[in-house]
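Only one chain is shown below, in structure tokens, and it's the form predicted on its own.
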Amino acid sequence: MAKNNMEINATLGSVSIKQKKKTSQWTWYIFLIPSFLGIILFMVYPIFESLRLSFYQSNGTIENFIGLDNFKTVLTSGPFWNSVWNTFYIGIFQILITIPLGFIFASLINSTARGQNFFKVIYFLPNVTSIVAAAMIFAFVLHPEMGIVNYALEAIGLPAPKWLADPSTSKWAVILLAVWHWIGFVIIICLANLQAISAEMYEAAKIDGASGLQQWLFITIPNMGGTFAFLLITGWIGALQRFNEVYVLGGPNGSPARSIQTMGAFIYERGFTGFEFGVASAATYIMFMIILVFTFVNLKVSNMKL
């Protein structure tokens, strides 16, 4: 009899534990509901609504189904291809300058015995600065008449460009801002990889008589391949989505003369100043395809696996 009671108690205890586990699991799902609702409302719904709008002529109140005409409008639009050119021009020079320069700075910081944390903080500060605030500061720093950059150039006898007031130099003003803002991130990522390279490899190279430059060329750089690929892909994705700084510096039409209007700014201009929501939605999906194809090419070129 006592044995039967023990078996019954054990069975009841097992059932109770299972019920507690099920209750605990459902409790966690309840806490996740707000996050799921946020994802559905602010990510999933806009994606499908934008796809629907791309087939309509819509000003926000009146909608007419027009099929693929919005895509034809975008693909035959001169301002759109001008924005694609501006986006790639700024992105190419940003990446060509920032990754090598950031790697050199990271190597110098890694070789110093003292003050590494100080230099990490100093170089990473621009990256945590709001890009909108940074753009507003750069608009003042690069002012043709009152800016400190032109003052310094004139002081050493160099010509002072008009920067954001001239279409021929405005892109370089954005490139300077992009390099300044992104280089801290590049330095931190490169430093993390540099400190992960085995010290034994450098010791072996020293025993073989390799100089510091030879160690850097034949040990450090070959071991940075994965980091360079990561920076290249993340850099391109960020560059192709550029909007905030060009909007602050040149407005939605990328003044002067649309010279700094990027794809993101083109979409904003058509959607929220021209009320052509169908055209803006179609341009969004074309930009998505451009980023997708370009990222795929980058993955193939860099041999990086996600």
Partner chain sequence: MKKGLFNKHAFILSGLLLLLIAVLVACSNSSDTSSSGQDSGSDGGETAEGSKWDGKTLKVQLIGDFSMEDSTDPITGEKTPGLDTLKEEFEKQHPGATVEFILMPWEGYTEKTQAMLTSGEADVYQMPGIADFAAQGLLEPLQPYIEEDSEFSTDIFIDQQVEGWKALGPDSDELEIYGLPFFGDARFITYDKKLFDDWGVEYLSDHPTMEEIKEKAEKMTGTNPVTGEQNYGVWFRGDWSSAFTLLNAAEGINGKWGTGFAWDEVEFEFNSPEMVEGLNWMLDMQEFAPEGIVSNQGNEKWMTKDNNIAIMLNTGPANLVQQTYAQGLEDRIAIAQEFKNDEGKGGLFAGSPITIGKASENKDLAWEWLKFATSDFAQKYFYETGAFPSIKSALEWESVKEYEHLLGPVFEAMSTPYMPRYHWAAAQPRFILTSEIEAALTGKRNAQEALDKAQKESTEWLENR
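No experiment lies behind these values; they were computed from the predicted model shown. Positions refer to the first chain, counted from 1.
As for the form predicted together with the partner chain, it is not shown, yet the points below apply to it.
Listed residues 47, 30, 68, 41 were compared with the partner chain in the predicted complex; 30 is the one with a heavy atom within 4.5 Å. Remark: residue 56 does not count among the residues lining the partner chain in the predicted complex, judged by a heavy atom distance of 4.5 Å or less. Among heavy atoms of residue 274, some come within 4.5 Å of the partner chain in the predicted complex.
Residue contact with the partner chain in the predicted complex: residue 252 places a heavy atom within 4.5 Å of it. In the predicted complex, none of the heavy atoms of residue 133 sits within 4.5 Å of a heavy atom of the partner chain.
Heavy atoms within 4.5 Å of the partner chain in the predicted complex are found in exactly one of 125-133, 102-110, 183-191, 156-164, that being 156-164. Using a 4.5 Å cut-off on any heavy atom, the residues of 244-265 that reach the partner chain in the predicted complex are, in sequence order, 247, 252, 253, 255, 256, 257, 258.
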